[in-house]
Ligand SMILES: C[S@@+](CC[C@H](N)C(=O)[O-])C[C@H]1O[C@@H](n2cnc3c(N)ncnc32)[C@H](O)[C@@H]1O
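First, one chain by itself: the form predicted on its own, in structure tokens.
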């Protein structure tokens, strides 16, 4: 091995080691590192706010006891306090603890919310609760530790109080993947980057050669593993160059059994570029696989993605 080759290999090994460290040592909670103005902007997200308020209005009954894990500005706890007799709002970031207390003091029923400065991975309420709200959600359940936190909470709660478990909000999470021909040209500058897209609007730079395919459904009342993976085929419905995968996450905030419907929250799409473009034709079968751990980095999912043509139609 030449000196130059050895140096390059050492650099690659070091980079791989750094990436592994970033994935395995990333034990922080995302909210700790988000500036306050980000949480303020979330209050202006009508898609988030209106659906959560509607779900809370349906699920929280008069006199209920409610726990919110990762309370942020306290807005969801405040919604719950309109009907609940008591709400515990747990927040680890001291800046957000002070901010949520300030806001709650300005709102009706805010006095029914106790803001607790604590680690949600360790906190348990002083008495059983009816509803647990946990809006620590990122697309594809990446970055945020919501799944790990809820699994941890359920074990500790049952050990302390026994059953039954409270109702969780969201109640379930449905995740899907979709191949894309994505325009990564920015005013003449080509840059295949990670993109976030707002749902329910036309994405002019995205061509969709196939419908989304559901790859995971998590019922938060049941036990869920942190390991998420998919290995499947998608039939393409048009000629295209597949160069990205779009990840879609729908949170089922509340199941309304009497009405036979749900209140959902579709969060921003995540678009990840593929390592290589794939030129395909109508009827081709695209094989897609990936695996990642809930709460891990976006890069860990991106590095695991594989896509190839399984078969092609005859000319």
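All of these numbers come straight from a predicted model, not from anything done at the bench. Residue numbers count along the first chain shown, from 1.
The form predicted together with the named molecule is left out here; the points below concern that form.
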Fill in the blank from the handout: The listed residue (168, 88, 157, 92) that reaches within 4.5 Å of the named molecule in the predicted bound form by any heavy atom is 92
Exercise for the section: Quick one: from 64, 266, 278, 34, grab the residue that has a heavy atom within 4.5 Å of the named molecule in the predicted bound form. Expected result: 34
Exercise for the section: Considering only heavy atoms, tell me if residue 71 and the named molecule come within 4.5 Å of each other in the predicted bound form. Expected result: yes
Exercise for the section: Tell me, yes or no, whether residue 195 is in contact with the named molecule in the predicted bound form, where a contact means a heavy atom of each within 4.5 Å. Expected result: no
Exercise for the section: Classify residue 244 as contacting or not contacting the named molecule in the predicted bound form by the rule of any non-hydrogen atom within 4.5 angstroms, answering yes or no. Expected result: no
Handout entry: Residue contact check: residue 240 to the named molecule in the predicted bound form, 4.5 Å heavy atom
Key = no
Exercise for the section: Can you check 104-112, 130-138, 224-232, 202-210 and let me know which stretch has heavy atoms within 4.5 Å of the named molecule in the predicted bound form? Expected result: 130-138
Practice task
Report yes if all three of 75, 120 and 149 come within 4.5 Å of the named molecule in the predicted bound form by some heavy atom, otherwise no.
Solution key: yes
